[in-house]
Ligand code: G3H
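So this first bit is one chain, no partners, the form predicted alone, shown in structure tokens.
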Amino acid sequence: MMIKEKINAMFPAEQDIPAEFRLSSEIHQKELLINGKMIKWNGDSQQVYSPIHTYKDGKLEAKLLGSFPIAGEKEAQMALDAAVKAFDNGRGEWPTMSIAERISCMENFTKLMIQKKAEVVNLLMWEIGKTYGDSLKEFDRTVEYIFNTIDELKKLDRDASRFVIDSGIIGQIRRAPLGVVLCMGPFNYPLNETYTLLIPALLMGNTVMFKPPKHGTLLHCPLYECFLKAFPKGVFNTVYGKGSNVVPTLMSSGKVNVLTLIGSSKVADQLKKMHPKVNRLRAILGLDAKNAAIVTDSADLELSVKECILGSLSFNGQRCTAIKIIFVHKSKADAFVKRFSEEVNKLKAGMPWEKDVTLTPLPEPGKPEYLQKCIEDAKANGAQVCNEEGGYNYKSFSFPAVLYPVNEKMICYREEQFGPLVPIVPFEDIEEPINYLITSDHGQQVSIFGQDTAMLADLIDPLVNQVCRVNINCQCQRGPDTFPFTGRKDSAEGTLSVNDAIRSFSIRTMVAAKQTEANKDIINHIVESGESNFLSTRFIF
């Protein structure tokens, strides 16, 4: 069967969906979690359709999954008021709670979350078209991240449980919360990347307003009950509604202390400008990226093809860390394009629950049309689609297109495509890809392929000053979570990792006193009485 025929036949009839992957019912969310209560919502709702189309009564239609509230400024203000009250200028129950007590709440939350695994994983598949295997990995990796963050916080607290004496001053240095956090996660990793923000923010004593992404919204619903049971009221609050309507209310109030967003740099710039006291706002941002791969003349061809396939087309290329443009030395370009195109056409397209499936429907409704626009623009400026049926789209599905030779006149040369489109650029002088990275607005990662150690060394030194991770003979990626994840230029602000995130959502604070007998007696009394959660030598194991 030809690729086009396989794609046209890929969507299933309702009765052909395996029983374990069927949705038991539509999810119509009619509540908002604000100030420790599930508040009934009777207003307008946004319907959620899956990128997975199904045949029903012989007709192929996008499957309705449910709906969520289209709330407004009033509800956003309620969430803000609840978070502000719960923090209470640092005097609230949550920010003054001991680290051990906060960890206990988080461990309780995680136990409750694990009980929702099957439901959340299924919704990940249906809402954003992520494969079953990758959906499982996203959930399991998130749980692992929580436990790793807890372990890291225990280590940090143990190190801070002692006193420092220097120049006649006694001091204890710990980390304190920043205040109210507005958290907005991405659609492509709506659970994992959102929780890499939420978890450290909460553990460090901040209160949170969470605005779910436009796609991947319903999968959070089963978890609200877990937040409700595990944390004091007002610590976690939901914000729903069109971003342009509700977010200005929050930011212009000046009461948001931390903006954390994984999304567009343009949106981040606009949001920061809304805050009346920008110097008081901490921003932790994961933004645009146009990660490049550089295949040098000494590269292992098969290894380069394998890693670039994974890097450019895992989850349909819908990753900020995806390889979004490939520079190949002219001596290897023809062979690379041929092998790369052959391997792309071997990738299995289908439904997320199918075994060994790689390519799935796209959750963004306008994405196939956008990709087609990029393809037509590239062809008009001298490129060819090098793989069979490259760019063919049907309903919500778009088959990958390998474009070659790509040049600076084309949209796909600079613009982040965030989808199954692979631009390949031939080069003769290594300065060409280096200059591309220098002049790029983005600076997250790069992958370099080669066996010539001298050339690799010459590449590493300038590239580490343009991007924040140089990958040698492997794809661009985020993990492991113990490694720092950040970017230069318009790609990020702040650093995330198990270790760095704890620091990003807190600030070093200290209690100090002159080393007099009277002060030593006072400090000893406070420590021995256990009356302070901050000034303490309690040890968390």
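Since we're looking at a predicted model, the values are computed, not measured. Residue numbers run from 1 along the displayed sequence.
Keep in mind the form predicted together with ligand G3H is missing from the figure; the text below concerns it.
Site residues Ser264, Leu285 and Thr486 are none of them in contact with ligand G3H in the predicted complex, judged by any heavy atom within 4.5 Å. The closest heavy atom approach of Ala401 to ligand G3H in the predicted complex falls outside 4.5 Å. Within this chain, Gly43 is remote from the site of ligand G3H in the predicted complex, having no heavy atom within 4.5 Å. When ligand G3H is considered in the predicted complex, Lys116 lies well away from it, no heavy atom lying within 4.5 Å. Using a 4.5 angstroms threshold between heavy atoms, Asn473 stays clear of ligand G3H in the predicted complex. This chain appears without its partner; in the predicted complex, the one residue of Phe236, Tyr189, Trp126, Phe449 with a heavy atom within 4.5 Å of ligand G3H is Tyr189. Arg141 is the sole member of Lys214, Arg414, Arg141, Lys379 with a non-hydrogen atom lying within 4.5 angstroms of ligand G3H in the predicted complex. Looking at 159-167, 340-348, 320-328, 224-232, the stretch with residues near ligand G3H in the predicted complex, meaning non-hydrogen atoms within 4.5 angstroms, turns out to be 320-328.
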